[in-house]
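Have a look below at one chain only, the form predicted on its own, in structure tokens format.
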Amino acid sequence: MKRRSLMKAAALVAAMGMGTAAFAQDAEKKIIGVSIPSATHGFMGGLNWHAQDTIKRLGETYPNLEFVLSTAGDPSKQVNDIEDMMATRNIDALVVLPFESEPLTAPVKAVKDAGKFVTVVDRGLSQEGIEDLYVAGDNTAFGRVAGEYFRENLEPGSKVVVLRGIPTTLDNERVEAFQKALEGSEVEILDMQHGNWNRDDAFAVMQDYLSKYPQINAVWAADDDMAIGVLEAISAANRNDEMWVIGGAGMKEIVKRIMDGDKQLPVNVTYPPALISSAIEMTALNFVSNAPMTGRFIISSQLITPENAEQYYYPDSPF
């Protein structure tokens, strides 16, 4: 889904909210905990901004709803935050974007087992079926769309390297879809290492790739922050003309370079950080309306090209 379409969806949710605001005035007070990773890179910076903006707006719209927001720079801090929300605030619902899947699964299950409404965002848990609501981008499409571009724009015998994100279910889904899209193409994946969706880590991984492989035709960075780190490493090695790079998520700096026809960044794949807004709004509606808010809400991934990049360029966006 294009960012503009997502904004339309959010507007529809807001319109629904206007119809329930009067009901909410007299409703029982509910506390919604929101636990997300810290703004350690551009995508998370945008996501944090959208979370804060949505909480402020919903708090003004629904006086019976109270929000508790916590951010964490590692899984152990996030586990402690969630346990604290349960112990000291007795939250009625939890919206959680896990820092990592495995260490957050048991703590989130404990929240669900206590009878709370649970919304999991983006990075799924390692055990299926715990949450009431799952909101994410289409991670399979994210990997497939990128893989199809590689397949269609590289000659047989071309060699590529891949940077993976933090070990999570969504990273697995993306990589598996990318690999499947390349099956039978005779495009060789030389290596795959974790850059952890971090610019500095990606720089170090790409330096390693450049030292080991004399031929690299393209790089799937799978994230725009990692793409920037990759580009810096390529430039430092003076190999700019040898390969192009595809990131992901639609960072405004990357989209602008696509608009300008940068050959090293031919395309991008969408994955909007505003998905946290959808998750928080839908969780709120569970308490202020009779609309069903359980299941899976998946936001599709689109290919950003020089021809359509202007539709995805928001110069005032935090990401």
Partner chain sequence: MKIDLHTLGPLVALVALVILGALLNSAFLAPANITNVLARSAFIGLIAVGMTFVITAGGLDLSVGSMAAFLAGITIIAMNAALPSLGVNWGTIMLGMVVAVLGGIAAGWLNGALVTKARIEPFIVTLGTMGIFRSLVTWLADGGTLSLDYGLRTLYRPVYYGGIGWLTWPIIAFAVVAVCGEWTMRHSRFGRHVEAIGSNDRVARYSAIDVNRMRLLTYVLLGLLVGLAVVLYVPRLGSASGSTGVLWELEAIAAVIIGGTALKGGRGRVWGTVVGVLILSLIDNILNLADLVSPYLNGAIQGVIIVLAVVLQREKRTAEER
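Because the structure is a prediction, the values reported are computed rather than measured. Numbering follows the first chain given and starts at 1.
As for the form predicted in complex with the partner chain, it is not shown, yet the points below apply to it.
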Inset, instruction - Have a look at L69, A39, L285, V267 for me and say which one sits with a heavy atom within 4.5 Å of the partner chain in the predicted complex. - result: A39
Inset, instruction - Go through R89, R239, K212, K180 and name the one with a heavy atom inside 4.5 Å of the partner chain in the predicted complex. - result: K212
Legend entry - Candidate stretches 109-117, 131-139, 91-99, 222-230 - the one whose heavy atoms come within 4.5 Å of the partner chain in the predicted complex: 222-230
Legend entry - P167: touches the partner chain in the predicted complex, heavy atom cutoff 4.5 angstroms: yes
Inset, instruction - Verify the contact flag for V205: yes if a non-hydrogen atom of it lies within 4.5 Å of a non-hydrogen atom of the partner chain in the predicted complex, no if not. - result: yes
Legend entry - 4.5 Å heavy atom contact, M192 and the partner chain in the predicted complex: yes
Inset, instruction - Give a yes or no for D74: in the predicted complex, does one of its heavy atoms lie within 4.5 Å of a heavy atom belonging to the partner chain? - result: no
Inset, instruction - Between 56-85 and the partner chain in the predicted complex, list the residues on our side with a heavy atom within 4.5 Å. - result: none
Inset, instruction - Could you tell me whether Y209 and G73 have their C-alpha atoms closer or farther apart in the predicted complex than in the shown form, knowing the shift is 3 angstroms or more? - result: farther
Inset, instruction - Answer with closer or farther for the CA-CA spacing of F203 and G73 in the predicted complex compared to the shown form; it moves by 3 Å or more. - result: farther
